[in-house]
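The data below hold one chain only, encoded as C-alpha cells and taken in the form predicted alone.
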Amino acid sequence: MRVFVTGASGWIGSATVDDLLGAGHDVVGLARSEASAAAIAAKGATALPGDLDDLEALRRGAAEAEGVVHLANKHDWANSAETNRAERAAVETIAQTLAGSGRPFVLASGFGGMGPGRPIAESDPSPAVGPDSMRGGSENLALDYVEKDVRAIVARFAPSVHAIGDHGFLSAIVAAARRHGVSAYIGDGSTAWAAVHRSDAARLIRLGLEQAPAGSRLHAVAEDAVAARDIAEAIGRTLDIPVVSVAPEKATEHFGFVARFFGMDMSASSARTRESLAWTPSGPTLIEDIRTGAYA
C-alpha cells in the first residue's frame, strides 16, 4: 500500500514509518523542513514538502495515496485556538480528498477531557464537537466521513507514549523534577495515566490501517492506569531526589503547562482493540523505562 503519513519525522510518526516500511508498504511523509525531508528519505521513504497549513500538499498526499495516517499536530500550548483550527482544517482537507474512495484514514486523537470516572473504553465517544473544541473536534469530524465512504479510523494515544528519547509530557515532568530538586505528584497522587511504548503504538497504527473497519476507535494503550505517585516515585529514585506532593493550586507553578494534564485522570482500556486486531503490546512498561534511564 502507498501510505501518506503526516508527522512522519515526529516522535510517533518516525516509528510508524519504520513499521510500515518493515511490513512492505511504500511511504510518503509530509516534511516541513529540509531536516525532516532528509530524515524521512534516510529511512527509505519519500518526502513531500509541506506542513499542516499547506492544504494543497495535504490534498496531493492524500490523493496519490492508498491510505493516510495523520499524526502531525502543532501542539502550541500557548495558542490552543490555532492548534485546534489547524488540526480541523487538515483533517477536513484529507477526508474530503478521500471521500467516495473507501480508502483508510487513520488519525491521531487522545483522552484529554473525557474523564468518565473509569477507564475510558473504545465505545466512549469523544465529547469534543465543533471547531472550538479540543483538537478542533477532529475525531468526530473524521468519523462523520464514514458515511461518505472513507474508512476513517481513530487512534487514541495514551498520554505517555514512552521510550528512550521521549520529549512529550513525561519529559516535561522529569524536567520539572530536575529544576526543583524534587520529584512531585499533585495532591494525593491517585490520578492515573494510560501508557504505551512507542514501538507498540507504531505497530497498532499499521494494524489499524491494514485491518480496522470504518468507524473504529482504537486505543494505543498497553497499561490502563499508572498512578501519578508511582510515576513520581520512579523519577525520584532514578534522579536520587526526594518525592513530594504539590498542592493543586501550586501545580502550574511547579510543573508549567503539563500540570493541567498531570492532574487529569486519563486511564483507558484497550481490551476491544487487542481483541479486534490481535494486538499484544510487548514493549517495556512506563515505570521500567523510567527506572532504566530512558529519561535520565
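Everything numeric here is computed off the predicted structure, so don't read it as measured data. Each residue number is its position in the shown sequence, starting from 1.
Same protein, other form: the form predicted together with a small molecule, not shown, and the subject of what follows.
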### Summary
If we test each of 218, 209, 95, 72 for a heavy atom within 4.5 Å of the small molecule in the predicted bound form, the one that passes is 72
### Message
Just to confirm, with a 4.5 Å cut-off on non-hydrogen atoms, which of 269, 46, 245, 36 contacts the small molecule in the predicted bound form?
### Response
36
#### Entry: Heavy atom contact within 4.5 Å of the small molecule in the predicted bound form, the stretch among 209-217, 182-190, 118-126, 152-160
152-160
### Query
Taking heavy atoms and a 4.5 Å cut-off, does residue 8 contact the small molecule in the predicted bound form?
yes
#### Entry: Contact of residue 177 with the small molecule in the predicted bound form (heavy atom, 4.5 Å)
no
### Query
Should residue 226 be classed as touching the small molecule in the predicted bound form when contacts are defined as heavy atoms within 4.5 Å?
no
### Task
Examine residue 148 and determine whether its closest non-hydrogen atom to the small molecule in the predicted bound form is within 4.5 angstroms.
no
